[in-house]
Every structure is written in structure tokens, then in C-alpha cells.
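Next up is one chain by itself, shown in C-alpha cells, the form predicted alone.
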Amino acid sequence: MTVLGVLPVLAPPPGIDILGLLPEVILAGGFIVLMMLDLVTAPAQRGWLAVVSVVAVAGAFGATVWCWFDAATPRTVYFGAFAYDRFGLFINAIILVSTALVLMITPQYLNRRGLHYGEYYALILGAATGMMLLAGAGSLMVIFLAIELLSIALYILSGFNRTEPRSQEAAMKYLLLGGFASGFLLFGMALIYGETGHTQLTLIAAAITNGGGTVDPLLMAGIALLFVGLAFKISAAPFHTWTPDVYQGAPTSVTTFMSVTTKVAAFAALIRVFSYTFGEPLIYDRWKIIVYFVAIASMVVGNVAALRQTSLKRVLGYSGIAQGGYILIGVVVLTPAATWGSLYYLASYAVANIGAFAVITVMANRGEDLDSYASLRGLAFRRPYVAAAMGLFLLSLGGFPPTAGFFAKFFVFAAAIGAHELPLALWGIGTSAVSVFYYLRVGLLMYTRPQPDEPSYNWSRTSLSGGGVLALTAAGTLVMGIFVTLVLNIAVSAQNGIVLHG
């Protein structure tokens, strides 16, 4: 419909479309409420802001569960800009559970470090909202806006410790490199739009399918640049250089949050865009080569570099680079088994990595984050339950049975072998063997009694909420490793429920 035959009339979307964004709307509402409450909350009462944050996350999670049953028939909403499907809702659940666990350990940590400001909680919810929008993005423009929303919040959170030079350095590095990555991302989107005439993913896929079997070099350049922008967010090599420095410099509660949720959201966008939008054989055969070598590079660089570290935060940073390489196998292998294997991997990685970083968070003292190898020595003799939980998380990240990490790697490697990508699976198995060394090294340090002449480190006592987070993540790591089908069936349903057509 037009006015005077020239200007289009902007009609509002159907009312039912709000259901497709209900979890995101609830979380964004919590963000606004927190911004208002922070203006009237006394400094001594800021712990209540954490309670409000958890309530908002719980409300968004409840809406996600309700939408899961309502989205049995996947569809797009808001004129194709957002996907209302079980794939996005599965990712939402991981992000929301991870956010809730981080919020539970945050108040005590911020109080010990003298960083308890109300805007922290609003920024966490703002970043989580951007991540959820990225998980369900059905348009290139929504992908870009979601990435910018989550990135701006994380830039600020990385430098939240305003008096510590290392935290300010982390924020500056993340901001500068993130800006370059956004430039690559936007340039790639411009090329894709120029070649297909669309920004919606379903219409781009249709334009490629109807392209007559030809591949335009500019389209491939756009796809490559788009991958570079997303690879930065998943910390894939060689776009990983910011990761260990930012993980070490940012407050540990922020590192705990961003190490999992950012990677989960970015992988959701990667799978949706590359496995389905650009899954046409002629296109796939070309971008597969790029992702193939990035996956191998991530596995090798992450595991080899971690061998030389003496900071647990840096070790987990490089470990995250390697874990991203394993999950990229699921993107390279264009089969349903690879997709649901990647989804299961993301869930198992979330519980183990949050648990590992939570150990550092809950044990930090007033002066600094005690994450050096020297400070870990003898932890089992002072905090036996904390050390046992940390050992379990490291075993899961290393892929030892009967933890969730073992089956996560098994599903991804099996999918590669089933798709006749044996070299990729062998690279994954070989580099996993290398990772065993630095994971077990940390475990050995915790169970080695310190010498009398070594300095004694004053680890803080574990709070009730901190102990609860460690218990929940440890239970999740074991339950997912023993009762595998509990999450696996949900991951398969999420893979089957992804929007393929508008």
C-alpha cells in the first residue's frame, strides 16, 4: 500500500509477533527497571539489585520454556527479522541459566573488590538481551545490532575496575579489536546485500538457490568477512589475540559471564547463517575450506599456548579458544548430527567453564584475583570441596568420562567421522590429548601440599550462594555425562526445529 502511489505505508507487525520476542522483552524490561532502581538504591542495599536481576532472568527463562512448547511449528516474526524456533530458544536457555549463575556469585565478589555499583547488573542484563537477540536473529541487520548491544555492555564491564590498569587495558584492547571486527562484519554484510538484494537470511538463502548454479566472487568475499566478524566473538584463531588478556584483566565475575555466553550466542549465529543460509553446495564447498582451517588453527593454538601459562584465567582463556575449534567442527560438517552435537557441546561447555571460573570468583580476596599457579598450590588441603569441584570441571573440559565434556567431544568427532571428515576428527582427538597435560597440571597443583617456606595465600571463604553455584555446575557436569539423553533429546529437538524457510 502506498501514499500518492509513491511512499509506502508502515504497518505495525501482527500482535502475535510479540510472543516471538517475549523472553527478550522481559529481560530488556529488567534492564530498564534496574537502571531506574539504581538511582534510588543506597550503596548498602545494592545486593537487592542482584535479586531483581535474578528475578528478571527467571521470568525470561519461564517465558522461554513456555515458548518452547508454543514454537512446535517454527516461524519468523517481525517480517522475517527474527526466528521464533526451538533452536534459538535452546540457546536462550543456556544464556539465561549462565547469567543467573553468574549473578548469584557476583555480590560477594564485587563487595570484596570494592566494585559494587548498581549499573553492573543492568549491563549484565543488557549484554544478555543482545546475546538472545543474536541467537534468534533472522536478518543481517538484527545480527549486527545484537552484536553491538552485547559488545558495548561487555566493553564497559571489562573495564569495570576503574582503578586497576590491567582492567582498563583489557577494556581498551577489547574495544579496539571489537571495533575492527565490527567493521569486517558490516562490510561483509554490505557485500552480501549487494549480491543478493536481501538482508533476511531466508531470502538470502532463496536468492542463492535461485542463482543458477553460479558463485559470485563478491558474495564469497562478503561471506568470508562475515565469518571474520563472528570468529572474533567466538575467539577462534587467528582472531583470538584479545582473549587471554581480556579474560585476565577483566573482573573475574565478568570473565565468567563473557567466556560462556558470548561464545554460545555467536555460535548460534554461525550455525544459523553458515549451516543453513549458506548451505547450498557450491557456496558450502568454498566457505568450508576457510572454517576447516580456522577450526584446526584454534585447536592447535589454544592447546599449545595454554601449556606455557601460569595464570588459571589465561589457561581457561586459551582453553576456550581450543573449545571453540572443537565446536567449529560441527559447523564444518553439514549434517544434523553435527548441529545437535554442537548444541550439546555448548551446553556442556557452559556448565564446566562457569564452574571453573566460579572457583576463582568465590575464592578471590580483597586485594586481587588469586588465579596464579602458585596460589593454587595446596588448595585441596584448605578447601577440599572447592578443589574437588574444580577438578571435576577440568576433567570435563579435558573430555574425561563420565563428564558432560566427554560426550560433547564424542558427538562432534563422531559427526565428523560419519561425514567422512576423518582428518578433522583426528586433529580434534590429538589436540584433546595435548590439553590433558595442562588440565591435570592444575589438578596436581591443588593436591600438592605447599612447602613451609612458600608464601601463604588468603583465600576467601565460600559464601552460601558461591557454594550453591559450584554445587549446581558440578551436578550439571555429572548429570549431563551420566544421563546423556536428558539434554541430548532437547538438542535434537532444537536442531529439528530451526527455521529453514520464511
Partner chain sequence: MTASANFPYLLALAAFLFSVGALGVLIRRNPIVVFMCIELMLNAVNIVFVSYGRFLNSEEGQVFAFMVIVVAAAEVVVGLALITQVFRVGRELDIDDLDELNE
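Positions refer to the first chain, counted from 1. A quick note: this is a predicted structure, and the numbers were derived from the prediction, not measured.
The following text describes the form predicted together with the partner chain, which does not appear among the structures shown.
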Q: Considering only heavy atoms, tell me if residue 421 and the partner chain come within 4.5 Å of each other in the model of the complex.
A: no
(Q) Although the partner isn't part of this model, could you tell me whether residue 382 comes within 4.5 Å of the partner chain in the model of the complex, counting any heavy atom of the residue? (A) no
Q: With heavy atoms only and a cut-off of 4.5 Å, decide whether residue 316 touches the partner chain in the model of the complex.
A: no
Q. Going by a heavy atom distance of 4.5 Å, is residue 249 a contact of the partner chain in the model of the complex?
A. yes
**Q.** Among the candidates 208, 228, 294, 189, the residue which, in the model of the complex, approaches the partner chain to within 4.5 Å (heavy atoms)
**A.** 189
Q.
Only one of 152, 224, 304, 414 gets a heavy atom within 4.5 Å of the partner chain in the model of the complex. Which one?
A. 152
Q) Thinking of the partner chain in the model of the complex, which stretch from 271 to 279, 343 to 351, 86 to 94, 307 to 315 has heavy atoms inside 4.5 Å of it? A) 307 to 315
**Q.** Residues within 4.5 Å of the partner chain in the model of the complex, restricted to 128 to 147 and counted by heavy atom
**A.** 140, 141, 144, 145
